[in-house]
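Let us start with two forms of the same protein chain, each given on its own as structure tokens and named structure 1 and structure 2.
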Structure 1
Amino acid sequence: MNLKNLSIFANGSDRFFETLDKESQTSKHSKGKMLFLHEDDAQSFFLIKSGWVKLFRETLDGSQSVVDILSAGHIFGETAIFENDRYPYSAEVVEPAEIVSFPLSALKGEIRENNDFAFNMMSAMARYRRHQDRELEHRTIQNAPQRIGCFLLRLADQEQTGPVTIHLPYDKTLVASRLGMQPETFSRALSKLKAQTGIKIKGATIEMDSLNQLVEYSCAACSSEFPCKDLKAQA
């Protein structure tokens, strides 16, 4: 994975990449490792080389809300720049991961000095905004089985017209929290989705004759068309 090829870093200056190279630290972490806590003093932002990382917050009364669950190629912690250098969420490794850290100061400097880079980063922020908009919309409009259907569709190659196999990238309990439901609800909702669309489930593997079945079931309750445009833009 080359930093320069990441869409978030497009338009970075040579000096920026030099600094990143020099000041980066790569480390491997196993499941459960806490990378930082909400409100921690922030010096670094992070890039996921492999594995999965959960971003979340906790409330006074003990419940947890999952902000996002990210995979290879995504960065996190970078928004601390705009939050008085404090992380706006906690970050935990949820599947064995290789993580690279970079100084926030380098990012801040590059934004200030390199206009194209800044514009590019704004595009990324706008894209994330759409992502969150969609989450909120789905939380409001879709029921549990529909949300799962949508989640599966977004894991798949949406160009595929024939039979499709999808693997859940992390524990079902985590998928449940990502979708804002209880594990029990997830389990029952997945059964219902199976009953209503004819998909086949074997542990973390889901098979179907065609994506169509899911599309009809889930995408009627979404304000965007299938296939999801935002997935292409990112690639």
Structure 2
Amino acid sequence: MNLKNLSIFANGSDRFFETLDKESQTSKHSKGKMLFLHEDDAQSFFLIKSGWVKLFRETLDGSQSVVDILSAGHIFGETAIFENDRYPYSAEVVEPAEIVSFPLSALKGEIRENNDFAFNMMSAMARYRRHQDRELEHRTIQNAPQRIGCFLLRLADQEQTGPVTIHLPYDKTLVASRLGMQPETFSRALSKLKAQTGIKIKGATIEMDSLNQLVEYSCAACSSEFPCKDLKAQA
């Protein structure tokens, strides 16, 4: 994956990308691997080449609050530069993953020296904040099947035309937790989404003839037209 194609890195200098390419490290991880913990000193940020990563915080009673579940193409850990160089959440591999790490120092240097890059990164973070605000809105006005549809749209290539295939992590309880549902509610809602839209569900794979099957159903209750266009957080 070419980092120059990620919107969060728009306006990055050639020297910045050369540094990332030179100092990057690619590694493969099995399910259950903890990449870092909340409040750990941050030295790196990460790009998911394949697999799934869960971002979470632990509550006072020891349970987990899932911040996000990220798939291939997503960046994470970069916001530590605004958190006194400490990770604001924990990160765990939830499906076998190939992950590239980059030095956080290179990102900090580019922000200091490149005003256009810094402004673009702030814009990307603002988009992510809007995404979080929309999720709060969705929990109020969308039913459970629509929320699942929105989540699936976020995972899809929204420029793609024709048939679409989306692969979910096998542990559906993770997705349920991410969407604020109990596992049994998620299962019932997924079945209803299938009945309402005609999508095909084969284990952890979702197939549809086109994205319109989900857009027309899930976006009807949103306050803006096709808001899922911006839901690829930090990508």
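Quick caveat: nothing in here was measured; it's all calculated off a predicted structure. Residue numbering: structure 1 sequence, from 1. For the two forms, the rigid core is made up of the largest set of C-alpha atoms that agree within 1.5 Å on superposition.
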- Which of the two shown corresponds to the form predicted in complex with the DNA? 1
- Would you say Y87 moves between structures 1 and 2, meaning its CA shifts by 2 Å or more once the core is fitted? no
- Query: Would the C-alpha of S101 be classed as shifted by 2 Å or more between structures 1 and 2 after rigid-core alignment?
  - Reply: no
- Query: Do you see a C-alpha shift of 2 Å or more at N114 between structures 1 and 2, with the core held fixed?
  - Reply: no
- Item | Backbone CA shift between structures 1 and 2, R147, after core fitting (angstrom) | 3.4
